[in-house]
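For reference, the chain that follows is the form predicted alone, supplied as structure tokens.
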Amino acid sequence: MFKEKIVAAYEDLADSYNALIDHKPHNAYYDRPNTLKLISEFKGIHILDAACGPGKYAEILMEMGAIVTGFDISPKMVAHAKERNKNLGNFFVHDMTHPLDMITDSSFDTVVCALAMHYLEDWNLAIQEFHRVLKPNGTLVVSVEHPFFEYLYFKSKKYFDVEPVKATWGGFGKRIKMHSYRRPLNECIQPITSNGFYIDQLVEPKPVPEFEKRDPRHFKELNEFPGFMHIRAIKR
């Protein structure tokens, strides 16, 4: 039932999410610039956009010369990704709790997974599959909600547990109950380092100046305490 609630929320949110994603501050001026900084090459590079949403990352990556394949668990999000990118790229529906059987080994130079891993209770299978589909020395770039922020936000009493949590989102035009999993820092690191990667960079990002023009309150907060965390890992 937990997964079904996540899918239902994104199906309900897909249209407004797609309409707002270009300039939604936390996405456009906090997550995306800091994630893109961790991708060292674009032109001619094969990139897997895991949990691609409405295809905004794919749009940017292809504009920079990358060859992009993307998937998402939400059929409506995949439909938006296809429409946004006008038949460029390859997009399909897929659930990260299942193997990427449709993708052969060593197919991609880079895997990007932005703000999606917290919907998985167990990261191991997804990380193993990212490792499998990456070429030797391939790069995994992940952004997640910062574990310290989540611990405080959800008023958890069990820091070391991976626990289901829920929040009400109001920033996409309607109020949506969103379910996810809160986890400690170790549970963000260990599944990566235990499944064939070494961590090259771990970034506690700050928003870019454009954020302040659209949301000065959160701009100030994010310059005082991180909301997200970004990791770049290299396939060993």
Ligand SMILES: C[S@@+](CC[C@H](N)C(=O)[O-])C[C@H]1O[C@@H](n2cnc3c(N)ncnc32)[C@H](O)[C@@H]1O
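Residue numbers here begin at 1 and follow the sequence given. Note that the structure is predicted; figures quoted are calculated from it, not measured.
Missing here is the form predicted in complex with the ligand; even so, the following discussion is about that form.
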Any chance all of 94, 115 and 119 sit within 4.5 Å of the ligand in the predicted complex, going by non-hydrogen atoms? yes
Going by heavy atoms within 4.5 Å, which of 53-61, 203-211, 39-47, 190-198 lines up against the ligand in the predicted complex? 53-61
Candidate from 141, 73, 100, 134 lying within 4.5 Å of the ligand in the predicted complex - any heavy atom: 73
How about residue 219: is it within 4.5 Å of the ligand in the predicted complex, going by heavy atoms? no
Partner contact for residue 234 in the predicted complex: the ligand, 4.5 angstroms, heavy atom: no
Contact label in the predicted complex: residue 77 to the ligand, heavy atom within 4.5 Å: yes
Which residues in 5-24 have a heavy atom within 4.5 Å of the ligand in the predicted complex? 6, 10, 17, 21
